[in-house]
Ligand code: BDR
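Single chain ahead, written as structure tokens, the form predicted alone.
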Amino acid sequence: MTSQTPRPRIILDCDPGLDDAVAIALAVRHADTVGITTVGGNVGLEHTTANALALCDILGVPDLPVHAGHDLPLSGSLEHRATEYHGRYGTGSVRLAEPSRPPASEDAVGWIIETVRAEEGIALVATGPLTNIALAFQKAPDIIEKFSQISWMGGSSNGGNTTPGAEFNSWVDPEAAAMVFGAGHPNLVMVGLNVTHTVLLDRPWIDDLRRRIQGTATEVFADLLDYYEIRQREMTTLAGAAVHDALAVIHVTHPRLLAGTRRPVEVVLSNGPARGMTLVDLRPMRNPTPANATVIEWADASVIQDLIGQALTVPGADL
């Protein structure tokens, strides 16, 4: 397996969700995860929180703190869900077992602020709408510079998936995304559709994973990915399941597997077909607009596929 940095300490803000489930598994295997915070996105907060807790049980970390956050975006809209991809409960046709415990709190924003003030240098990985993060920055701007990096799965430099211009996480809460991109963090990373669509788990890959994990605690991941691959094949022209959120974790744990360029990114807030678009300035300007994010443009797909497979095959191992 490829070399990795020393195990980073991370906070994972997520909305599980099928691809978030894989992101949680990677975070547990390859990082010292300080805690998980949940946000409404793929499905409502009730389900994203229950799913995060249940996945911690499956992955053998029942004591990992999970803090529930905000259900609605800053706009207050109830329209922003992705049940057509992720199913009513966020886990496709699979119903996870009831979690063994309730969330540690229902104040994810307060917990993020308190935790980062107490320990500088934690990496933030966000794989859903940026509502919790924007509110934390708004309430406590002093914490922004305390994160070592912010790795967000969201946006795109070449088109969306919810609308022609906007990727789902950005479309759900563009005001929050604009606040985070405008916060001035020097190590903000956008892991967008332009790169996540290049790392696909296809039918042979998933069938092979099932053979390897059959009868183990993680066999449920084969069921989740099976549903996800079928649903993406029915609704898109992708040749496999794009586990988008996994790449935001891997950027922190195995940074050599992804590469990008510092670029200016603007989030479109106006109403209309471009709302939620992350407008990336790709022009070869001699005097460009100052960059505010690293836009990931390349991923080592085959190594990342192996990394995901091993993380799901060997529970508890530090690969």
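All values reported here derive from a predicted model rather than from experimental measurement. Don't overthink the numbering: it's just position in the shown sequence, from 1.
Not on display, but discussed next: the form predicted together with the named molecule.
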ask   = Which of 108 to 116, 70 to 78, 243 to 251, 93 to 101 has heavy atoms within 4.5 Å of the named molecule in the model of the complex?
value = 243 to 251
query = Does the named molecule come within 4.5 Å of a heavy atom in each of D173, A183 and E266 in the model of the complex?
reply = no
request  = Check each of I230, A140, M179, A82 and return the one that places a heavy atom within 4.5 angstroms of the named molecule in the model of the complex.
outcome  = A82
message = Just to be sure I understand the contacts: of T37, N51, N42, T278, which is the one whose heavy atoms reach within 4.5 angstroms of the named molecule in the model of the complex?
response = N42
query = Quick one: does T127 come within 4.5 Å of the named molecule in the model of the complex, counting heavy atoms only?
reply = yes
Partner contact for L224 in the model of the complex: the named molecule, 4.5 angstroms, heavy atom = no
message = Even though the partner isn't displayed, in the model of the complex is F168 close enough to the named molecule, meaning a heavy atom within 4.5 Å?
response = yes
task = Consider N161 of the chain shown here, and say whether it contacts the named molecule in the model of the complex, taking contact as heavy atoms within 4.5 Å.
result = yes
query = Can you name the residues of 17 to 32 that have a heavy atom within 4.5 Å of the named molecule in the model of the complex?
reply = D19, D20
